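Consider the single chain below, provided in structure tokens and representing the form predicted alone.
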Amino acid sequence: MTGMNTQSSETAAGQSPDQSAMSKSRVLEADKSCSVPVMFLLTWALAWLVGGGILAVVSSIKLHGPGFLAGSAWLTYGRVQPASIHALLYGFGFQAAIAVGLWMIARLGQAELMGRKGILLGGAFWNLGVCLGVFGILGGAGTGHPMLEMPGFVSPLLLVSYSLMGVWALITLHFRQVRSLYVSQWYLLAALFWFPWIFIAAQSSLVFHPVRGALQFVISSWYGHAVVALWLVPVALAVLFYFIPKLLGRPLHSKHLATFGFWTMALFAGWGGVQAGAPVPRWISSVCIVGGGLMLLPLIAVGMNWWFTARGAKPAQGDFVWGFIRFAAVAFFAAMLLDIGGRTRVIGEVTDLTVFSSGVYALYFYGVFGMSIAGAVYYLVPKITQTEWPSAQLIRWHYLGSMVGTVLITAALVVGGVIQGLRLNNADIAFVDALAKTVPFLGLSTLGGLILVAANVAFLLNLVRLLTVCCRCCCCLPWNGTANGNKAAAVGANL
């Protein structure tokens, strides 16, 4: 990792014209090799995003309207809420991260994606596992552990599926043509190793060989934090570190800041999960508070690097992509600051056992991860299919809807959580009265969820229309034929 360049391997300075042409040719071949597996994963990911979003809206309505769909045991809050989280986290989040990660590994390394059939097989089994898990939760077979509710028999299937995809990602990285590693590859490589570690550790300690007592709560809380801090956020940072310099047409400001930010995040990101007022030994929550405070170090390093890279620059290409990337970068700082603040004892005394943490999670998932992935998808899909997006209007609707929905959900739950906590800590206010004041904020979060579902439907519809155009033109293989070869050559000038 010490061989990281401060520029993307596609635009490295000092190349001769012949080397530059060879580089563009290898990038085209890398994009070509990614087309089928990446599009397969992205299509299923967006389908899960819409389906999981609908379940999330149902669970949100039940918080302020418990009689909604009360006649169905499958749609009680205790089942539909964890089902929505698993559909979004494992159905959308995992597959979108793998799809974008595979493309970035191949493109930055200027190498063809290896094991495409194995990746497709792994993706098929992963979707089967998520389906079994979600329906198992709705059927009442959940484990009761947040973010690990899926029945125990599903996890071996998910691990095998992950191995089929993750191993080929590592093999592709090994056979890369560009030997130096860019900072985005650091985060992707780390995330590929971190996810199976935290997943296996949590499953073995909570499901297969359960630990006793309060330690179950500690491990469950740690996993809920780690799956965001060690999987979703690193993938989002890999995307942001790639696209901020690329869209602005500038090299990354400092490899030293990038190195410092990466290693401090690797060291301290996993120190969290247990709230300050949790019923566990005080030293455990103290470690989490210290870890949260130390996360200011990578936050400052990443912020300085992006600021000096972007200062005074305007996007040279992909204005609509830049909108998603810029929003995700701002959301990253807001989510980190809210997360760090919420771990302190002073704020934690107010926000513990409220909807505040749900608001922070929503900002991480929809604002940081979701918007960065959307920006990457809008950029990479035309590259690997050689087909432009059918509707610019649907892209605008998706951007505006995602932005408004994310802000509305986050603001409603964060502010509502603080008010809820203040009233719960007031002994003069009855418990029911304290909760009643939260209902308007829960209603606003439901509205934000509905807007997000509508925006994601536009996203999925645009992708389906693009796939329809691809199938009509070239039987799902847009790189065959003379006409498509000429299109690829034309696009090569704008890689």
Partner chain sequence: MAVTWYGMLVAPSRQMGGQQQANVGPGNERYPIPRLGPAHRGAEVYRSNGCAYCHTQQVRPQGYGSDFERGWGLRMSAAQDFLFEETVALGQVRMGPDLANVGFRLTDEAWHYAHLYNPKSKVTGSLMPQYPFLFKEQPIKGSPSGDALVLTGAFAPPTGVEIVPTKEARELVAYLMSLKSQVPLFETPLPAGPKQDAEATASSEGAGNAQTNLALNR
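As the structure is a prediction and not an experimental result, all values here were calculated from the model. Numbering follows the first chain given and starts at 1.
The same protein has a further form, the form predicted together with its partner chain, not shown here; the description that follows concerns it.
- The single contact residue among L159, V330, A214, L400, judged by any heavy atom lying within 4.5 Å of its partner chain in the predicted complex, is A214.
- This chain is drawn without its partner chain; in the predicted complex, the residue among G144, G303, G341, G152 with a heavy atom within 4.5 Å of it is G144.
- Proximity of G348 to its partner chain in the predicted complex: non-hydrogen atoms within 4.5 Å are present.
- Its partner chain in the predicted complex is not approached by F125, whose heavy atoms all lie more than 4.5 angstroms from it.
- Residue contact with its partner chain in the predicted complex: N425 places a heavy atom within 4.5 Å of it.
- A residue is said to contact a partner when one of its heavy atoms sits within 4.5 Å of a partner heavy atom; I219 meets this definition for its partner chain in the predicted complex.
- Stretch-level contact check against its partner chain in the predicted complex with heavy atoms at 4.5 Å: of 89-97, 401-409, 331-339, 416-424, the positive one is 416-424.
- When contacts are defined as a non-hydrogen atom within 4.5 Å, none of R116, L170 and L447 contacts its partner chain in the predicted complex.
- Within 4.5 angstroms of its partner chain in the predicted complex, the stretch 343-375 places a non-hydrogen atom from each of R345, G348, E349, D352, L353, T354, V355, taken in sequence order.
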